[in-house]
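Given as structure tokens, the chain that follows is alone and in the form predicted on its own.
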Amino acid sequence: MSPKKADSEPPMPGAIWLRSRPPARARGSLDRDAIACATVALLDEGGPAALSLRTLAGRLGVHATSLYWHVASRDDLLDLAVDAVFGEIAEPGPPARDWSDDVAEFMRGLRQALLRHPWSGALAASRPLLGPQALERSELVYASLQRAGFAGPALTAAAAAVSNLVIGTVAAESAWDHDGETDARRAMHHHLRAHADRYPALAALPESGADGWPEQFERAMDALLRGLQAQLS
């Protein structure tokens, strides 16, 4: 295979970020940004099941072989799409006076970006986030936590807690966000009350949560940041 084309190594998550980018073939030729944008649009319309190299090529109006100058597999497309979603988070500005303000801003921005693309949370949780957009935002989180005083394993754990809270809550919100949510929640609470002897704490919960999804997220984020702050005391 021509060395100008994307490598044909066995597909693996994150591989696209570890290869050299192929040179542009001609003015107006495809590039990663155009491929990423089209991939995000396809995923928004039909989820991961709707994505294939052939379908994407049709959307871009090119032959499928043209894509192989830029991507080696469907895995590459997923990595490009996830990084494009991270690119929707506002770029980091000057550090805030309080490290937790920067982390909270990142968490809110990541939540909104992932919610705009319901497929993206699960992918972000299962793929190495090595794209330039994701790394730039991750650098902000790590730098803010370092500034707070975290180091070594404590730093790694704190950063993981930050991203995992956002991705986990978005996954739950996206799964529940459908027309039948009210009926599903009602059935769930009826089931819990019918088994209150086994699950008394769960059965005591109100049928409809006191808070909506945004409020729940803010409470969870506040609890996490307070817990991290307590570790530094």
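By rigid core we mean the largest C-alpha set that fits within 1.5 Å across both forms. Since we're looking at a predicted model, the values are computed, not measured. Sequential numbering from 1, following the sequence displayed.
From this point on, the text means the form predicted in complex with a further copy of the same chain, which you will not see here.
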Using a 4.5 Å heavy atom cut-off, are P48, A57 and Y68 all in contact with a further copy of the same chain in the predicted bound form? no
Partner contact for P132 in the predicted bound form: a further copy of the same chain, 4.5 angstroms, heavy atom: yes
Could you confirm whether D98 comes within 4.5 Å of a further copy of the same chain in the predicted bound form, counting heavy atoms only? no
Contact flag, H63 vs a further copy of the same chain in the predicted bound form, heavy atom cut 4.5 Å: no
Please determine whether Q112 contacts a further copy of the same chain in the predicted bound form, using a 4.5 Å cut-off between heavy atoms. no
For 154-172: residues with a non-hydrogen atom within 4.5 angstroms of a further copy of the same chain in the predicted bound form? A154, L155, T156, A157, A160, A161, N164, L165, G168, T169, A171, A172
With both forms fitted on the core, check whether the Cα of P200 differs by 2 Å or more between the shown form and the other one. yes
Once the core is aligned, does C37 move its Cα by at least 2 Å between the shown form and the other one? no
